[in-house]
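Below, in structure tokens: the form predicted on its own, a single chain.
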């Protein structure tokens, strides 16, 4: 019976590798094309590069990072260290529910609330706030488990040495720093690869200049791939293939870093 599980696992592994290679290989040669990373797209995406899409994605990730770190960490600490048991269960269930909502629904929420009600329009700030709204529950759901994994004896020992609640919490965070770091990387990785929420809140198909204000729209890698595939002809598809290869390579790098950190944590 054991060989059945082993054979099935190997088959699934091979299939996953084939899928990844079929995404990366068709576009990898375009990554070495002159100007691919440094030029604006030209001639209906048949020439030039993906520079504005890279800058737009980096700006989005920077803003998501700035928003998610304090809010996600404070929410996680409150659930694990300060909230009573029943309220903690309610908050974690709420975060779990929000984590399971489809990303396109967050896009519709962002369009209605940030773009229309708050008047931010289709902009970098609308897209980053929408992505952060989606990313914070994901961060809390994962980070809570790492803080709860800190042994109770450590908390009791620190308190016995005369530490107050704040100092004890800092010690708990320090003990779970690798887990929190991997959670943050996974959160940013998920936000980086999302298309639907930013497609309708902050992304444009083509921009003639880089964003200079938070209220400017941006080009991003995932939305540019979608736009090229859906709207342009065969002569432009090379650019989508190059961006797909780049994004997949970045995601492999992100998850490799996460695995290294987890292995380091487990000794």
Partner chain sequence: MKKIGEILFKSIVFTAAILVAAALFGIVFFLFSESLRAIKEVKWGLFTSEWFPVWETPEFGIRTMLLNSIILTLWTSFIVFVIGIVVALYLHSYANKKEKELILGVFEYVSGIPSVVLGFFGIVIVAPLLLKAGAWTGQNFFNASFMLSVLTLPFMISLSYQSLEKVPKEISQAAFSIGAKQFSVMVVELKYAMPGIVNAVMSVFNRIFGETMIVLMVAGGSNLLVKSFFDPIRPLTATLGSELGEVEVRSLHYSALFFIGFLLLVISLIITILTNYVVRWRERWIRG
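Note that the structure is predicted; figures quoted are calculated from it, not measured. Residue numbers count along the first chain shown, from 1. We call the rigid core whatever largest set of C-alpha positions still superposes within 1.5 Å between the two forms.
There is another form of this protein, the form predicted in complex with its partner chain, and it is not shown here; the text below is about that form.
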property: 193, 237 and 255 each touching its partner chain in the model of the complex (heavy atom, 4.5 Å); result: yes
property: Options 207-215, 224-232, 57-65, 28-36; stretch whose heavy atom lies within 4.5 Å of its partner chain in the model of the complex; result: 224-232
property: Residue 262 within 4.5 Å of its partner chain in the model of the complex, heavy atoms; result: yes
property: Partner contact for residue 165 in the model of the complex: its partner chain, 4.5 angstroms, heavy atom; result: yes
property: Contact of residue 151 with its partner chain in the model of the complex (heavy atom, 4.5 Å); result: no
property: Any non-hydrogen atom of residue 169 within 4.5 angstroms of its partner chain in the model of the complex; result: yes
property: Proximity to its partner chain in the model of the complex, single hit among 180, 188, 125, 98 (heavy atom within 4.5 Å); result: 98
property: Listed residue that, although its partner chain is not shown, lies within 4.5 Å of it in the model of the complex (heavy atoms), from 158, 71, 147, 184; result: 71
property: Contacts with its partner chain in the model of the complex - residues in 1-19 whose heavy atoms fall within 4.5 Å; result: 1, 2, 5, 6, 8, 9, 10, 12, 13, 15, 16, 17, 19
property: Post core alignment: residue 256 C-alpha displaced by 2 Å or more between this form and the one not shown; result: no
property: Large Cα move at residue 14 between this form and the one not shown, threshold 2 Å, rigid core; result: yes
